[in-house]
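Below sits a lone chain in structure tokens, taken as the form predicted alone.
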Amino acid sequence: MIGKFDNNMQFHEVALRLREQRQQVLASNIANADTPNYKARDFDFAQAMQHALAPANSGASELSATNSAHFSAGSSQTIGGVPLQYRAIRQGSVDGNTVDMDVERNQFTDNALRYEASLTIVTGQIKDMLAALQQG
């Protein structure tokens, strides 16, 4: 019973952490909507969840340098083990900025709603667990 509860809580903990990181990426896109040559970024949430929850992937992507002349592999940004990618350009602008505010606002709102839903589910599960412990 506790193992099942722990696995479920781990799932929601990972989901909330990734949602929070995605919210930061989307907020950064919105904040830089008027910055010349800024490229909008995002990551595949489903792929990040799969990577983060896979037990075989914990630390498997770490590279080690065998020579001092090797470049560091940590220079590219990853979230949940998935690389942060540039969003496809839907409508280019003269200054090279690729932020589409309609897309960013929709993604930001969708991500916020999903974050709140996960938080509500976790809160409900904790309340149920507390009620079960107090009753018996």
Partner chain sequence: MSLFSVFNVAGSAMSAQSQRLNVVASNLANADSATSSTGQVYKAKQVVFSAVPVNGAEATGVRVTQVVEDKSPPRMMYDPKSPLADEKGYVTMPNVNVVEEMVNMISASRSYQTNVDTMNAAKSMLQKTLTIGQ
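Numbering follows the first chain given and starts at 1. In this text the structure is predicted, and so the values were computed from the model without any measurement.
Below, we turn to the form predicted together with its partner chain, even though it does not appear here.
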### Query
So in the predicted complex, does any heavy atom of residue 32 sit within 4.5 Å of its partner chain?
yes
### Query
Would residue 82 count as a contact of its partner chain in the predicted complex, using a 4.5 angstroms cut-off between non-hydrogen atoms?
no
### Message
Under a 4.5 Å heavy atom criterion, is residue 54 part of the interface with its partner chain in the predicted complex?
### Response
no
### 4.5 Å heavy atom contact, residue 10 and its partner chain in the predicted complex
no
### Task
Report the residue, out of 106, 77, 93, 47, that has at least one non-hydrogen atom within 4.5 angstroms of its partner chain in the predicted complex.
77
### Task
Output the sequence-ordered list of residues from 11-45 with at least one heavy atom within 4.5 Å of its partner chain in the predicted complex.
20, 21, 23, 24, 25, 27, 28, 30, 31, 32, 34, 35, 36, 38, 41
